[in-house]
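First comes one chain, alone, set out as structure tokens in the form predicted alone.
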């Protein structure tokens, strides 16, 4: 399949100054054939986005390096990728909302981010005046059958969580179909990261989804460094890894407790909440911020790890690890919780592969991918990284992936702190005379998180695109809940733990 993509773009020269992976600009008919090839399988969609007059498609043939294929927009139209490859549909809907560009042949052009409250359409494109619409005026997809009824949930929920609407179609207690509607926390991230300084764009990207702030900053910094042709100093690379794995541990601990709580196993929530708080407290003491926000910057890091901080981190992990092992033992030895999680919310392996599902969602359904290993970068050593993969695809498998990843992260942190090299924390960003582009993928706790950007002469960010793992996981939650009871939706939803903000830009 990689050969076919290369054959389609043969004779097309890569755009200059696109790093570390090439970008090719092709005619619309070639772009359409690339999309059709993706629909035939064997190619992961990494992302799809637009800027003025052009649409970009990032893809990765299995086992190959990523590449970007772009096509000019003609008469505000471009060939639909979603027509052939379903994971692109929501990204195309976002492009249509923001730029007004129409993906020709698209199976779904309903608004995604535009809920009718802006007073204009295509804010990043033609920016045409448009009448206000009732935000509730949204055509959900029809479901036909005997004895069906609808259950609307949200966007306002009982807990203090992000807003999202879920429309269940059920037959009694069995879910026949779920459709999500997001976009309620759209903040204009694309506009806020266009024609701004690197420092300003870095702060915005770090706040796309607060629980993944380290991963987003990591990807943004590496994209800038790729574009500029520089690398962070060795000490900074190790500190970045420590922060990234600390973020993974904190979120996985929270997820394990929350999933168990939705299955009425509250003791796990109580203890995992304590463990997570200890991790966050250690982060606050070691890095000056509990979420380590803005600590990774282009060129390196903004905060050092002292010897005392390294000791604090190690002692915190030493205290948490055996206590968490006891909670894991309780989970495994309690039939009532196993009855709720085993066999519930199964995500089929073929869907995980088709949607390139990352993180615990994909790895619990046999998709063996981890950006730390498969798109390797410092400080990770791919040959020594343990990437757990299971095949059951249920809630239990997603819990067990998180449990094993916590163990891997703890080992990585300990090893790095022992071998933390001396040296500077940040490399100076060079001046550039021509526009340059960079792309990077970081392994957030949810899965792979992509950042692509263009740096302009003078150091401004001309355009930046962020794609959270949630873009490809939300549609899979719809599939995983089918034929389960309505009461198991919170359990399935928590085991996915997709980000609303991450898919709302």
Partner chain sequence: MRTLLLKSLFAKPVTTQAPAPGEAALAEVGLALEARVRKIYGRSLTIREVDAGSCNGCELEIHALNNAVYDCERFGLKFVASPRHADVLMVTGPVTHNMKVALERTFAAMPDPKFVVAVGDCGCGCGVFRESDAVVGAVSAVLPVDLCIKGCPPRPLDLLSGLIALVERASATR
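Predicted, not measured: the structure shown is a model, and the values here were computed from it. Numbering follows the first chain given and starts at 1.
Heads up, the form predicted in complex with its partner chain isn't pictured, but that's what we're talking about next.
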Task: Partner contact for residue 354 in the predicted bound form: its partner chain, 4.5 angstroms, heavy atom - done: no
Open item on the list: residue 380 versus its partner chain, in the predicted bound form: is there a non-hydrogen atom within 4.5 Å?
Closed with: no
Open item on the list: When the contact criterion is heavy atoms within 4.5 Å, does residue 319 count as touching its partner chain in the predicted bound form?
Closed with: no
TODO: Considering only heavy atoms, tell me if residue 308 and its partner chain come within 4.5 Å of each other in the predicted bound form.
DONE: no
TODO: Could you tell me if all three of 31, 149 and 375 have a heavy atom no more than 4.5 Å from its partner chain in the predicted bound form?
DONE: no
- [ ] Quick one: find which of 161-169, 339-347, 362-370, 236-244 has residues within 4.5 Å of its partner chain in the predicted bound form by heavy atom distance.
- [x] 161-169
TODO: Name the single residue among 404, 83, 289, 414 that comes within 4.5 Å of its partner chain in the predicted bound form, judging by heavy atoms.
DONE: 289
Open item on the list: Just to confirm, with a 4.5 Å cut-off on non-hydrogen atoms, which of 130, 156, 418, 126 contacts its partner chain in the predicted bound form?
Closed with: 156
TODO: May I ask you to list the residues of 265-292 that have any heavy atom within 4.5 angstroms of its partner chain in the predicted bound form, in sequence order?
DONE: 267, 271, 273, 274, 276, 277, 280, 289, 290, 291
